[in-house]
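Here you get one chain, nothing else, as structure tokens; it is the form predicted alone.
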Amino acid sequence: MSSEDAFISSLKPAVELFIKHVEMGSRIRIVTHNDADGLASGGILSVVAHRKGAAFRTSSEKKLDEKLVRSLAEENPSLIVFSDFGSGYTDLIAENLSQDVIILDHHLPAGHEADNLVHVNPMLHGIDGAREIAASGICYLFAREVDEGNRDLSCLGLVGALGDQQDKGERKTLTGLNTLIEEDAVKDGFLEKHVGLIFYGYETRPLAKAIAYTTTPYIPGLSGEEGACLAFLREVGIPANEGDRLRSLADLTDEEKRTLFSALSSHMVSMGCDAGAVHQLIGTIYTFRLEEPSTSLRSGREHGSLLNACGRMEKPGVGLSICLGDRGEAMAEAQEILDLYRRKIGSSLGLVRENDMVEERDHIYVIRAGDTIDDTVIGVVSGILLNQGILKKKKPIISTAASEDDQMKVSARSTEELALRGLHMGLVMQKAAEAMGGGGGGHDVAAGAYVPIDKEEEFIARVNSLVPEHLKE
């Protein structure tokens, strides 16, 4: 049996347990993470529960910790389903929860198992959870196993992968088990793909706004600056209007697209970006055909960004409502949230660069933001700095920001090159955080932790010493 077949077979016990509780009339508690992948996952599971007529409640949480687990124990539902987190906290779950538990996750597993726990994770079958499938994809495959009628959730199954930047294949395609979900979405008429310039709002936004709203890749001097983008378009000779109508990227001729790519490439290099970062501008565009062309939900990547903004700006309920089909009030509010979120990222990047906040240690870069940058965006900011080649040495970046309950939020970002050399930042975060009395984990290139705020310097020093232990020459 292939690893993919073994993983899909591992869904069966979870499906059987879920259906058993539905048939018993049990109260089902769905608990999911608060980023795009978590919200898409929670949305899928909520739709499945609703369609089965189950009594359920869904919440999105910033982190899984002892406080959350104890509150779940007090609620005392018959079945708890964790999505997009849980694999690294199976010991905590087993020690505190006596009811049935299902974990649908793609993060580094801790290895603890229990009789009341059904743990579904691709990494338990040798499948890369950072690149080949996200939690939303796992939840989609789970939903499909519950009922083939849930195939209409396939696009939501891809949103988490795009939100988690799993588009690591040639021309920024999704790979691995994600392609099985793609096949369902294309076959059923929900998804269309083509290669082109990757800007948010390929069909839906005026050119200047599309460039300004693009943060992956981040374009220094243009991302977040619509006025500067209009001036840039005039300078390179590309009209932003056609008569009274504002043009979108889809309206450009092939020659204009080549001109725009060349001009943006030169601009990014002149602003200190690595030449390789320029190629992030070209890739596979995922279009969700049933979404209105005028909305942010039409593009798979922008759909993910919208959900991510809702979670990070502490409005996860709005994101969940969109996943459940609300295209009215929730959609209008989500668009406002997304605009605020992008402005926050832009201002935070400006703060880091203007104040020279990046500190270089022997084996890592460090940003110590304190309370000057919100802990909800510090990971995005550090990822942009690393991926754009602005930081020239091949080192991971660790960013810290004050969080609630005297905790410090830590975000770690690394590169594909360092991962190939054996560096797994999820494992580094796990080891370093546990030594400080905190908790951490994640993927090889993107991970995080929470540790006591008075342990900040000790934690950073610990990470700095752990990184070279993992690297192969």
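All residue numbers refer to positions in the sequence shown, first residue = 1. Remember, predicted model here, so these are calculated numbers, not experimental data.
Omitted from view is the form predicted in complex with a small molecule, to which the following refers.
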| item | value |
| --- | --- |
| Sole residue of Val31, Val48, Leu423, Ala447 within 4.5 Å of the small molecule in the predicted complex, by heavy atom | Ala447 |
| Heavy atom within 4.5 Å of the small molecule in the predicted complex - residue from Pro316, Gly379, Gly201, Gly163 | Gly379 |
| Interface segment, criterion being heavy atoms within 4.5 Å of the small molecule in the predicted complex, picked from 23-31, 66-74, 407-415, 49-57 | 407-415 |
| Interface membership of Tyr89, the small molecule in the predicted complex, 4.5 Å heavy atom rule | yes |
| Proximity of Arg312 to the small molecule in the predicted complex, heavy atoms at 4.5 Å | yes |
| The small molecule contact in the predicted complex: His119, any heavy atom under 4.5 Å | no |
| Distance check, Arg301 to the small molecule in the predicted complex, heavy atom within 4.5 Å | no |
